[in-house]
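Shown here is one chain on its own, the form predicted alone, set out as structure tokens.
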Amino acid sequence: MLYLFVLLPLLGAFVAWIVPDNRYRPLVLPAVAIPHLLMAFYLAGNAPPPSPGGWIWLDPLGKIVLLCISMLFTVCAVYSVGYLAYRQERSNRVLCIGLLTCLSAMTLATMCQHLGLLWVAVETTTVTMAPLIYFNRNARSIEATWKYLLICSVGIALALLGLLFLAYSTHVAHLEATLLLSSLKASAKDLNQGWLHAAFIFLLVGYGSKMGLAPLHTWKPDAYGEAPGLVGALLAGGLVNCAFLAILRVYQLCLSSGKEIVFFQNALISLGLISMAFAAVFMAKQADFKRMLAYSSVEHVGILAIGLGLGKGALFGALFHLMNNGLTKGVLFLSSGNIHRSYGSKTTDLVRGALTRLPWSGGLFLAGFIAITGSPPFSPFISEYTIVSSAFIEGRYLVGGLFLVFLSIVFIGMALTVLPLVMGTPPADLEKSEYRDRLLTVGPPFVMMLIILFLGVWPPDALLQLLREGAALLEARP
């Protein structure tokens, strides 16, 4: 069944390739996404045993990432039907095929227990997303695409070097060379410590650049700013989570090695705080609201890294934040895409009074801003509170203090952009647009906003149990 789960989106990509009509091709996306989501929910409670050889298995960490990706993709797929109906001036064949192929690769990444196969899956997501960033086909989008490809490719090449060092450490220790996670964990204490240390550094830098940790984040503002909203949502909530899952696998190895975990945790905390600091600086008075969302993504991958670096109870918060950040970013990117289409601009010089011009999209963008800044009653408040309270409980007062300072600066910076954008009246000389709020373009992000509210008020026991099981794999005691 796990293989079918990976093949289903590929079959959808083939159907999208042979459908000749630009109007009907986007329907393939929800036709694949909805059964994919139903299968994800089923597998979350009824995961089959590992494949022969142990390369493929859906453990609790994979289930958490899979559920987030599948929910986000389904919402984006339904949204795409309404969005692409407005974009009939260009072919959507490459977009549909790329999205479905990327879904297949992301699904495979959640199941990989072999670090080499995981690297292939993550690299495939990088390649399939590149032409989607170029969807608008202008000079800025091609520049963003090249920057994305260049930096992510360098990062993923560094991760490959890390894997080679990891395999070589087994050779030096006179063990059978392997990249199977269970075998590496079992022999981690016997591996050559020098090569193991080098491997962890290269893997952290490589997957950290894919994740967008500062100062390796420079592809994000351009890629998120120029890509269509639904592509930005999947970059922020899908690809980032796959890269974070790869870092979680490396974290598991560090735990097993014993000696490397302190170094790895300190490196994660340092990179996390640097990411939050970068975001706080660049979000202040950011006129381009899509670039603002890119820096918000940098901030939240920093929060994830800090949660992982703190360990213990913060791991539960980090895993919950992985899901909260992905879903909330979906609301923000999809609603910002509607605003961008209606105004024909993404800068606050022209975009004002969105609540008047696009009441639903403006309202969703405002609600998403409140949620992503960690305000109650939305679920990011719970996950961020869990992480920062764990910092103080463990006596990491400097980390907790800086965390709160950067959160405050980010809140003020985002408010200075978002509030003028949604409040007031639209400029009098603004050109009329046919783009209006429609059920298919506001319904999906609205449903996702309700889910974020629901998770904040009444998180289901089944989800909490899954998060505890995931944290237990990282040796947490939530």
Partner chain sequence: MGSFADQLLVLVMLINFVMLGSSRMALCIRAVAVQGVVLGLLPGLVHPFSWHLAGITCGIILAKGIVIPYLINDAVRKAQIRREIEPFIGYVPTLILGAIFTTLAFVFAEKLPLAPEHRELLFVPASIATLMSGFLILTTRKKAISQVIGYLVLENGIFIFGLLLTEAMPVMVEAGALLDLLVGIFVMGIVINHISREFSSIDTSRLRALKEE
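This is a predicted model, so every value here is computed, not measured. Positions refer to the first chain, counted from 1.
The next section is about a form of this same protein that is not shown, the form predicted together with its partner chain.
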Should W55 be classed as touching its partner chain in the predicted complex when contacts are defined as heavy atoms within 4.5 Å?
-> yes
Using 4.5 Å between non-hydrogen atoms, is S104 touching its partner chain in the predicted complex?
-> no
Would F282 count as a contact of its partner chain in the predicted complex, using a 4.5 angstroms cut-off between non-hydrogen atoms?
-> yes
Can you check whether A144 is within 4.5 Å of its partner chain in the predicted complex, heavy atom basis?
-> yes
Since the chain is shown here on its own, which stretch among 147-155, 382-390, 400-408, 349-357 would lie within 4.5 Å of its partner chain in the predicted complex, judged by heavy atoms?
-> 147-155
Heavy atom within 4.5 Å of its partner chain in the predicted complex - residue from L117, L366, I201, C254 = L117
Among the candidate residues A267, A277, A167, V81, which is the single one with a non-hydrogen atom no more than 4.5 Å from its partner chain in the predicted complex?
-> A167
Do all of F289, F333 and E394 end up near its partner chain in the predicted complex, with near meaning a heavy atom within 4.5 Å?
-> no
Does any residue in 110-142 get within 4.5 Å of its partner chain in the predicted complex, counting heavy atoms only, and if so which ones?
-> H114, G116, L117, W119, V120, E123, T124, V127, A130, Y134, R137, N138, A139, R140, I142
